[in-house]
Each structure stands twice: as C-alpha cells, then as structure tokens.
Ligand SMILES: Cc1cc2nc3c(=O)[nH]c(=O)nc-3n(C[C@H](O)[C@H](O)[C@H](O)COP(=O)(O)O)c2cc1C
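Next up is one chain by itself, shown in structure tokens, the form predicted on its own.
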C-alpha cells in the first residue's frame, strides 16, 4: 500500500470485531513506533500494551463504552522532564502506529479523554511519568465510508507569508 493510500483510508474506529490482534501484527505496529524520529534521537517513549480491557479502564477513559470493544489498547508513556519535544515525539510515533495499522487491515482511535491519574494507577505508571494518550487497536467492525469535513487544499496553505 502506498503511504498516501493509507492516509486516505485512515479513520477513527470505534467499533471493533471480536477478533484477537495477531502477535506479529502487534509487533509490527510497535516496530513502526520504535522507528519514528525523535528530537535529538532521545527516544523518550515507552508503550504499555493492554489486552485485558477492564471496566475500570473504560471508566478511567471518561466512561467511553466503545473502548471496551477494542481488543488492544496501547498507552504511550513518556518522561515530560526529558525534553520539551516529548509530546511531539510521541505524536509522531502514534501516527506511525496508526498508518502501519491501516497497512495491516487494522483500525485505531486516539483516546485523549481520560483521567490520567486513574490510568496511571491501573497500569502501574510511576508518578513522574506522563500518559500521553491511549490508542485503541483491532479489526474494525465498521469503518466510516468517507472522510467528511475536510477543508479543500487551497484553504489551508500559503506560500512565503500568512495570507488569510
């Protein structure tokens, strides 16, 4: 699959089939994250793979019930004191995982709405570390058919200077 094709196919999936994600696919997705660039190559990123999605974890995610249909959640963990680009580095790694998931026929959804202290407690994350985001992962039960609400290319860029 071409990268642009994966970008165009990517959707936020919130309904997953009751099907386990194969270990080799999970490792490929984590490898995509590992290969992502980071500021000064610090690689300040850790990942916790959760396959036992409990009611407590769903509750910690602001009770978003759809999360329980996901067979896997990947938590992105970083040390916010290492450098000021830690969040950006993790965002790049997450997007690498998202695009690899598309390539493998899997769906994902970034979860940013969660109670960090509860998630940290449930996953045993030390207090000095930050849970950047969660990423649901699995085989989509349903994929939205089209990308809606995107601006036209001409509306989002200018050459040389701000011109809006």
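On a predicted model such as this, the values are computed, not experimentally measured, just so you know. Positions refer to the first chain, counted from 1.
In what follows, reference is made to the form predicted together with the named molecule, a form of this protein that is not presented.
Contact with the named molecule, judged by heavy atoms within 4.5 Å in the predicted bound form, is confined among 106-114, 123-131, 39-47, 26-34 to 106-114.
Of the heavy atoms in residue 64, some are within 4.5 Å of the named molecule in the predicted bound form. Taking the partner from the other structure, the named molecule in the predicted bound form has a heavy atom within 4.5 Å of a heavy atom of residue 148. Contact annotation: residue 15 falls outside 4.5 Å of the named molecule in the predicted bound form, judged by heavy atom distances.
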